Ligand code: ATP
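Next up: a single chain in structure tokens, the form predicted alone.
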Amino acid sequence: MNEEKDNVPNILLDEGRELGERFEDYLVKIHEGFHNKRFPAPLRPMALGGFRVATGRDIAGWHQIQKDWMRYIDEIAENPQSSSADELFEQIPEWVGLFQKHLVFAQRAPMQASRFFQDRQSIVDAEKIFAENGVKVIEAKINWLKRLMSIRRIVAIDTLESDTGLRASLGLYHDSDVRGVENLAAVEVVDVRKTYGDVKAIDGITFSVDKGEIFGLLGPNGAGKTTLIECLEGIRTPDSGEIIILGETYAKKNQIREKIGLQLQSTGLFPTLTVKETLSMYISFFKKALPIDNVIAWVNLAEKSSSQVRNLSGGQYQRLSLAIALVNDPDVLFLDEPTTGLDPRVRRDLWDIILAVKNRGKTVFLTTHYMDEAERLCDRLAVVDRGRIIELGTPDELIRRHIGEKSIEFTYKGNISGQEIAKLPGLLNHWIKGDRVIVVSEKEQEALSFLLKEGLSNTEIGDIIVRRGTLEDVFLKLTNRGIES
């Protein structure tokens, strides 16, 4: 651990100190803004209370975090062996959660100002304080914390290291104009937690999903995917945190349910009803619904409309299940492993239907075990493990960030060790999965030549291929286990 603390570069500490000073300036501007003479005095206590609830701390509490931030940096710079490094690393997960909540608040603040104030100057002031000052420094502080944590090689917090715009990849908001109600995210999740006894099924997850995108949630079995999606669907209630669907919380459950569609992992249907009778029953549950024949045609079941459910094949049953989720023409469609157990051809048929849903401007939230499915369908995806988001971005971003353009994969027999693999030229990373080894090297040709000519001690190398990095490689790196383990 001491060796890791010694590796905290001075340039990173200097950057952290600069961010601390910028954040302090931001807090001062918030204080001045709340006490500006244009701010109606009767609203001040309510606004300050809203700030405290939304960000998890009042202004004094955020000043204290700022003081601790600067103290830790100064003490580590003076003595890397001090206990301050350990204290700071232990503090990072809580700080990340708080800064993410603060980021959501800063994102929304200009819109809130436009509701409270009539004069344009107050709205402009709010935009300068939050959008132009606060959002940028909070993004940078979250990124800094992640980079610091990466020195300890821990990837158990739900933030990203991104050199190309944390704004776009963090998942809390994107390039849309967040000041317009019409552009609010379709799904917003802020610090959601759910426990069962000692098991933290969801351990402080924060992200958002844009309208009109397909968002994937991926992870090994037991990672918390189904618990999270059931909380988003309103089937389960989280212990804490906030879930907002199309601008509404589940305090208005009936309004939300009219606008969302659900396809569960398994759907129990009446076996003796026909396809058309089944859909007619579900259509009756909603105030507004699509014409039944349109829905049947959409999922390619026209020839089976008079067939009983018990006579459907597995793929036809899944298409009927998807049709049920579509009957009310939902704005947000939740699909929990919709293609599990289906043959490749049927899976691709369902992919076409899901893409058609997106093309109609709908939002799709998808969990899946299949890497090809995620790469084919998802605009962005989050990797979940042990109840936390450990990475988030587009499939290509995740592959480039963690694997690079190409990797070397080979099979082996005998004994193999990390010490032997470390002999490969330009080695950046490697993973051993069963009888396969995946290697990432910045000197790909030299590493390949070494394997072919020199080989590895006590190891018989089999087939060798050079291929593009995949999402499976990303999972092996992030979770140290396969997607289905």
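Given the structure is predicted, the values throughout are model-derived calculations rather than measurements. Numbers for residues come from their place in the sequence shown, where the first is 1.
Keep in mind that the form predicted together with the named molecule is not shown, yet the notes after this line are about it.
Participant: Would you please decide whether Gly204 lies within 4.5 angstroms of the named molecule in the model of the complex, comparing each non-hydrogen atom pair?
Facilitator: Outside the cut-off, so no.
Participant: Please check if Asn221 has a heavy atom lying within 4.5 Å of any heavy atom of the named molecule in the model of the complex.
Facilitator: Because a heavy atom of Asn221 falls inside 4.5 Å of the named molecule in the model of the complex, the answer is yes.
Participant: Just to confirm, Glu337 within 4.5 Å of the named molecule in the model of the complex by heavy atoms?
Facilitator: Taking the distances in the model of the complex, the answer for Glu337 is yes, it comes within 4.5 Å of the named molecule.
Participant: How about His369: is it within 4.5 Å of the named molecule in the model of the complex, going by heavy atoms?
Facilitator: Residue-level check for His369: yes, a contact with the named molecule.
Participant: Hey, of 286-294, 323-331, 93-101, 192-200, which bit sits against the named molecule in the model of the complex at 4.5 Å between non-hydrogen atoms?
Facilitator: Among the candidates, contact is made by 192-200.
Participant: State the residue from Ser208, Thr226, Ser84, Gln107 whose non-hydrogen atoms include one within 4.5 Å of the named molecule in the model of the complex.
Facilitator: The residue in contact is Thr226.
Participant: Can you pick out, from Arg236, Arg348, Lys406, Arg71, the residue that has a heavy atom within 4.5 Å of the named molecule in the model of the complex?
Facilitator: The residue from Arg236, Arg348, Lys406, Arg71 that makes the contact is Arg236.
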